[in-house]
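Below, in structure tokens: the form predicted on its own, a single chain.
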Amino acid sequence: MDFKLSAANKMIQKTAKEFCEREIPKIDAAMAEAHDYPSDLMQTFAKARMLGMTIPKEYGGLGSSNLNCVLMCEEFGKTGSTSFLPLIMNISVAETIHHYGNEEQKKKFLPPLCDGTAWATTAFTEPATGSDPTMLQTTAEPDGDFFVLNGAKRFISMANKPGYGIFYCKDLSCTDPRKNCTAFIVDKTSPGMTFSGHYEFMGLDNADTCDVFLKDVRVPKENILGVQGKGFNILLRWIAGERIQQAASMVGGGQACLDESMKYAKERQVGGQPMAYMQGFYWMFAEMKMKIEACRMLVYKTVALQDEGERFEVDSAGLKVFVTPMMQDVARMALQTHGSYGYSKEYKVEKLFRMAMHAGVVASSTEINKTIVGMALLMS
């Protein structure tokens, strides 16, 4: 299998790298001051032609590939910034609506997600569940041409930003508890929606993640996404794509960890020579390098399945199982290379280390993905 990047792929890398070098420091500074994303962040991404990457041009997208999206995620991952999370949320939600939506839904909801006027959200997790659709407590009750939504969602990114979210609810019109999860496209400015304050995390600095409370929120029936009662299938495919993007950003973070470590070790003098030439350190660099390359190739292999229209859910779960601990170990070695300085916020590896820790629990836990891969093997 040939993983050689084309000239167009390399141009995407170069453009994303230049954007990150030019814009991310300013965006991160604004986020640190406001403890939130800049209000014009989506417009910034839209002007850089980063939104709607996989959406056909007829709906306002770029008509590009998931591979190019992954290459972009890798460059953003090198920054350690949380600012790329709304970007990939918009891209992934738009792709999900394009995959499952009808023509009317595509024409209505895709252009705002591609031009930066809408912020996307996915809302499944609740206080009592993050993985099991049979445990959903948020209900959707039919009422004429509408469904009325009531309940609470937890850890929802960009929930209080204007735009659209895909909300997963227990559909009271479906009697089979195994097939009563319905996905709805919900306008987040709908009456009856309120939000908690932002959660503060170990990493994901200044990210907008909060709880959503729905009180008699009315959603038209035409906003049902896909087949009624089979919303969990939509969620599984969406989160499989998100795992690929997350793994790509982790690879980028791992590469930054190696780059920062080698730079520090070449500058730090020990016994009259650069620390980098002490055997223990260059052995560590070799190990970091091989782990990064192995993870990168697995990401490219998996996204190739997605671009080819093949099933990629299980392979994506495998990415979580393999890439997450590998890149977390790379981040740990980077911190160790810096010694006490690695624990200081003056050095970038401190931020990269904290960012790496989120991948084990965000976008489904590592343990859940082991279950997905293991069960798939037994059923094959």
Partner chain sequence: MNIIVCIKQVPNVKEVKWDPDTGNLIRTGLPSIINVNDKNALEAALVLKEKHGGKVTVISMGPPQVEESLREALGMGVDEAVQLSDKAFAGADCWATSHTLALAVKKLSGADLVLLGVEAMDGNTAQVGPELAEALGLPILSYALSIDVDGKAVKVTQKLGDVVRVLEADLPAVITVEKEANEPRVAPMDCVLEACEKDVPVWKAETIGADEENCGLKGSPTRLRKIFSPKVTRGQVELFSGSLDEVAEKFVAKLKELYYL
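Residue numbers count along the first chain shown, from 1. Predicted model only: the values in this text are computed from it and were never measured.
One more form of this protein should be noted, the form predicted in complex with its partner chain, which is absent from this view; the next part is about it.
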Scan M42, M53, M333, L319 and let me know which has any heavy atom within 4.5 Å of its partner chain in the model of the complex. M53
For the interface check, one of 341-349, 307-315, 44-52, 28-36 should have non-hydrogen atoms within 4.5 Å of its partner chain in the model of the complex; which one? 44-52
Given its partner chain in the model of the complex, answer whether the residues L204, R354 and N369 all have a heavy atom inside 4.5 Å of it. no
Is there a heavy atom of S64 no more than 4.5 Å from a heavy atom of its partner chain in the model of the complex? yes
Taking heavy atoms and a 4.5 Å cut-off, does M72 contact its partner chain in the model of the complex? yes
Does M375 reach its partner chain in the model of the complex, with heavy atoms at most 4.5 Å apart? no
Exercise: N68 in contact with its partner chain in the model of the complex, heavy atom 4.5 Å: yes
In the model of the complex, residues of 9-27 near its partner chain [heavy atom within 4.5 Å]: M11, I12, K14, T15, A16, E18, F19, R22, K26
